[in-house]
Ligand code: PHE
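Single chain ahead, written as structure tokens, the form predicted alone.
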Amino acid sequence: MAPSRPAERGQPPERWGSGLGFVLAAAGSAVGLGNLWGFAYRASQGGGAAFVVLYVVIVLAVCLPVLVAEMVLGRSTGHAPLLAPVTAAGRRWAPLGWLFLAAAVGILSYYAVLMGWTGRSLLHALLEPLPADMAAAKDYFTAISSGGDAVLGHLLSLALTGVVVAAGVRGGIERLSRWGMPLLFLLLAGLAIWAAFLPQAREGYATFLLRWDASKLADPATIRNAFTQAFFSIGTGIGAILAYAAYLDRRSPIPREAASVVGMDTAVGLMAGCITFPVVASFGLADVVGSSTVGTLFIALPTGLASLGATGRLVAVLFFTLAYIAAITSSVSLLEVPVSSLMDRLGWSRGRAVWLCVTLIALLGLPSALDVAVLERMDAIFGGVLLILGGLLLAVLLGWGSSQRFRSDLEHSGTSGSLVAALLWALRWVSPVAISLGLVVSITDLVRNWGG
């Protein structure tokens, strides 16, 4: 049994093989399906460039300092997400540990469903012709997103995620990230170059990515979408990066590593947009993108690519391959949150913790597998509100409640005093205010939409 009071610094039995391994794993945690389908959908809803501007500002001014804080909390305590807040600032912060667990488990319960759809779409592109028209694409999506197919995809996705996490930090998570992330960027770059030569590529960039509507900067839906995309994409506020940071060496340059993670994640979102928008414009699929969170990835793209024959089918295979890589690197980090917490709190073996968590999350995700409406509501609550709330509490904890821990950890690893001071200032005065605003807007907009 664990002691009644956690040790000041835990001693995780595993460590990353290198700083690069951690950065790739953390970037893999951040880069997920939200970068591929969420970015395109939210950009189309948010006025194109106005959404992108808001997104970048939120990522740099708000998410980056909080990401650094989350890494510091994990490394300085050496504990998993459940115990790290208590170790840093006492029992009154225990609810934050439970919030991390709730957010990670809740998100993974429906994220595995999306991962199942992605895997099924990859197999379809490999083995069968793409949908010939929009009606056929919608029928196909209905088939994979409900009933036995959806449940099977959900279960297989969780099982595969469990296999990786059960193999350990170096043998599973780091090994996956070391080959998966370079392959993902290679596929993205190749597809972005291909998309640039489509007939309506310029129109796609202009209509979605470069279209400027200043009024959208004050639109509640755009603000909510930008906050949701930024926090869901970067992944801070869930505890996944915290869990990974507990395995970090004390000398690792956390600010530089955090900047690398944010840079890679943002690059993936923008590169994905440079693939999606030309396809949408070239094949007249704007209505599908603008009306559905899943329309871009599972309906619009396969339909548009079908008209290109064998070339389109090859592109579909490559796209869903990179989508699946993005999905599994994120799902692995989400599973590590409850797994590392059980290991840390109860002293369980990794294998025992993994398969208990997989079983419980599989059961929790069944409603999302059987009903897309449930999935979308789970996304709004766990992937939106709880995730943003977690980021707010992290900023308060490391900016005010345990600021000396933040300062001493970074200075001990060689971070300059001026940079530490700037990050601490942002944690105290920028991040909490901005996140609070985003949280209020998000909840208000969500209640209004659900009430209507």
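All residue numbers refer to positions in the sequence shown, first residue = 1. Being a predicted model, the structure only gives us computed values, none of them experimental.
Although not depicted, the form predicted together with ligand PHE is the subject of the following passage.
When contacts are judged by a 4.5 Å heavy atom cut-off, Leu424 does not count as touching ligand PHE in the predicted bound form. Contact between Thr87 and ligand PHE in the predicted bound form is not found at the 4.5 Å heavy atom cutoff. Taking the partner from elsewhere, Ser121 is found to have every heavy atom lying beyond 4.5 Å of ligand PHE in the predicted bound form. Interface residue remark: Ala243 is not counted as part of the site for ligand PHE in the predicted bound form, having no heavy atom within 4.5 Å. With ligand PHE omitted here, the record of contacts in the predicted bound form names 26-34 of 57-65, 26-34, 389-397, 403-411, defined by a heavy atom within 4.5 Å.
This chain lacks the partner; the member of Asn225, Thr303, Ser333, Ser157 within 4.5 angstroms of ligand PHE in the predicted bound form by a non-hydrogen atom is Ser333. The partner is absent here, but in the predicted bound form a heavy atom of Tyr111, alone among Phe100, Phe298, Tyr111, Phe319, sits within 4.5 Å of ligand PHE.
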